[in-house]
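Here we start with a single chain on its own, the form predicted alone, put down as structure tokens.
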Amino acid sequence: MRHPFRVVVVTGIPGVGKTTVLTLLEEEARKRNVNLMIANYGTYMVNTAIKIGLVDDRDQLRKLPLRNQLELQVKAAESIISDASERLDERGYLIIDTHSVVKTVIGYWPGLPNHVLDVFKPDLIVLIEAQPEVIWERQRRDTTRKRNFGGVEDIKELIWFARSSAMASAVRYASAVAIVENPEGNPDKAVEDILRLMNKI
């Protein structure tokens, strides 16, 4: 039912500041001698797709047929667990950076379907959140990414779907689900909250 190491899936909608929080989490874990590995699921998917010849670059990934995407999800997940098994012992933590839900042109797509959960077997699913108005302002300030959710109401809807998807995913492996607030100007609070949750697994 579980891997020897603890598995924590950390999710968050675009603009919530997940990358910042996880960067700080890695730094703080190093200071505290916590054996931790952070794996970006999307990066593993791209690298796996390139390795097996499905794509040449990241931009081609989203254009793959659905069945190729499903196969790729499993291969990338298996690669993450393989790497973690080499680096982590029973006191270690694997942090998987991903999304619990993805908004596509045809609707919402679960980021943690059963065939992925069967590989990850998460102990904990963390949703990093912020107030919708704060996320909207962060998205508007971030000129490095093209993000358009149509405003605060669309962000509220995406947060609702993300929570629902995370809870549905948690049922398969009796994973805990926790919401961690990432307040404006204080990502260290989110880092401390995640570390506290990790210590309770």
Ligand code: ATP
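Heads up: residue numbers just count along the shown sequence, starting at 1. We call the rigid core the largest set of C-alpha positions that still match within 1.5 Å between the two forms. What you see is a predicted model; the values in this text were computed from it and never measured.
Keep in mind that the form predicted in complex with the named molecule is not shown, yet the notes after this line are about it.
Residue in contact with the named molecule in the predicted bound form (any heavy atom within 4.5 Å), chosen from Glu133, Glu27, Glu153, Asp142: Asp142. The named molecule in the predicted bound form comes within 4.5 Å of no heavy atom belonging to Glu192. Among heavy atoms of Arg163, none comes within 4.5 Å of the named molecule in the predicted bound form. For the marked spot (Ile13, His99 and Pro187), a heavy atom within 4.5 Å of the named molecule in the predicted bound form is present in each of the three residues. Residues of just one listed stretch (172-180, 153-161, 27-35, 134-142) have heavy atoms within 4.5 Å of the named molecule in the predicted bound form: 134-142.
The two forms, fitted on the rigid core, differ between this form and the one not shown by less than 2 Å at the CA of Lys156. Once the rigid core is used as the reference frame, the Cα position of Arg62 differs between this form and the one not shown by 2 Å or more.
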